[in-house]
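Here you get one chain, nothing else, as structure tokens; it is the form predicted on its own.
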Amino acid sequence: MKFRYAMVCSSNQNRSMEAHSLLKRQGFDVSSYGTGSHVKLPGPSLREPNVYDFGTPYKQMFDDLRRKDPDLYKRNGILPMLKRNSSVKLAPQRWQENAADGSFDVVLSFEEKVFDMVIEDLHNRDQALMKSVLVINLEVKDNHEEAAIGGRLALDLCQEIEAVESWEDSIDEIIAAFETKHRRKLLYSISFY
């Protein structure tokens, strides 16, 4: 694989991790992140989410929620999701704290608010390398079913990008073909490292 990819959602739990898992299994050089201030997972009610710091291992969250209410968190898909996540990497990572991970060629977000935060963060960094980075938003609802669909769409899009010599020369055609094929609108922007 010739490009480095980053999958980004709010909490680095569902959408970004579904795509990360799928792309990793296909041999892509991929990482994933969240842009939120904390990692939030559904709780017993909308007003009672489970909140963790980025860097808290997925296994620790799994054990915590299994101890709190194993039936609820199995039924709503959180325990299986955390199990999958822990097989991909140790813990959720925050996009704004990822400079040490190096630069990416393509960053894929799954929510417009996240897309905006990624672009803002890239603009606030020192653009010392003057290396271009393609930032794309594929809007995906934050639920397990949509994340599974979004992961497959992300894989398809990344395979199209990977198939060209230089994404800079053909991104307009790739985006247009993807939008026609999947009837999904994409936002994209080019930033620099």
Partner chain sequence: MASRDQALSLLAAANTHSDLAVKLSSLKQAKDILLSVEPSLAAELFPYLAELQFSPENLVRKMLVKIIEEIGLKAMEHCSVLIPVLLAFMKDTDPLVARQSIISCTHIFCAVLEEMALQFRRRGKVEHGLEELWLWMIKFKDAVFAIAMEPGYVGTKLLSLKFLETYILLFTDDTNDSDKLVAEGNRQLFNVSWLVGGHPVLDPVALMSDADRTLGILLDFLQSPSNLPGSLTIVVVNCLAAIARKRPLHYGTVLSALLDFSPNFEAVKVCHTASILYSLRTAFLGFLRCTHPVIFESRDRLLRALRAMNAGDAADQVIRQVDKMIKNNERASRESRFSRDDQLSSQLPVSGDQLRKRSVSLDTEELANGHEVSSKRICYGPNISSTVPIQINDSEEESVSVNGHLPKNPPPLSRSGNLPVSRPIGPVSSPAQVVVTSAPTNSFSPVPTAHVPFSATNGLSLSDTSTANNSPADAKRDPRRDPRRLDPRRAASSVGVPSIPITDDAGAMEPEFDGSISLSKPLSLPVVTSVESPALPMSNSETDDKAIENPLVPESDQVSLKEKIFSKPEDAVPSSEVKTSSDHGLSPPHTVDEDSVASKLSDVEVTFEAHTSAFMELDQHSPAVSNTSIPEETCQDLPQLPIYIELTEEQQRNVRKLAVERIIESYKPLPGTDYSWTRMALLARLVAQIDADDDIVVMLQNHIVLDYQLQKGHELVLHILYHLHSLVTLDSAGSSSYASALYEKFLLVVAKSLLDTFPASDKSFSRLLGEVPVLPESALTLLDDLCYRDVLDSHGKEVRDGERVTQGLGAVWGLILGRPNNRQACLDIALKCAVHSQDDIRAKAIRLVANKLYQLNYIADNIEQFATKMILSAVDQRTSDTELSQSGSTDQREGEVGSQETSVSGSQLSDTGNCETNTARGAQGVVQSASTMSLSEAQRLVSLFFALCTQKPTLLQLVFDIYGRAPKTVKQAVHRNIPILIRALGSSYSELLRIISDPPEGCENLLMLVLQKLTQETMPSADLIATVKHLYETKLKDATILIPILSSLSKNEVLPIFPRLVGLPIEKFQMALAHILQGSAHTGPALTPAEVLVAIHDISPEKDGLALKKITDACSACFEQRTVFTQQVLAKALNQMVDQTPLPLLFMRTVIQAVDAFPTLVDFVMELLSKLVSRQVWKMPKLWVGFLKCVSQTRPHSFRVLLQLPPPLLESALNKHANLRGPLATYASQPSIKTSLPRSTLAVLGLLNDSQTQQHVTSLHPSETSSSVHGANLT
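Positions refer to the first chain, counted from 1. These numbers were taken from a predicted model, which means no experiment stands behind them.
If you look for the form predicted in complex with the partner chain, you will not find it shown, but the lines that follow are about it.
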Problem - the partner chain contact in the model of the complex: residue 171, any heavy atom under 4.5 Å - result: yes
Problem - Touches the partner chain in the model of the complex: residue 126 (any heavy atom, 4.5 Å) - result: yes
Exercise for the section: Classify residue 22 as contacting or not contacting the partner chain in the model of the complex by the rule of any non-hydrogen atom within 4.5 angstroms, answering yes or no. Expected result: no
Exercise for the section: Check whether residue 190 has any heavy atom within 4.5 Å of a heavy atom of the partner chain in the model of the complex, and answer yes or no. Expected result: yes
Problem - the partner chain in the model of the complex: contacted by all of 93, 146 and 156, heavy atom 4.5 Å - result: no
Completion exercise
Within 4.5 Å of the partner chain in the model of the complex, heavy atom basis, the matching stretch of 116-124, 80-88, 67-75, 95-103 is 116-124
Fill in the blank from the handout: Among 132, 60, 50, 26, just one has a heavy atom within 4.5 Å of the partner chain in the model of the complex, namely 132
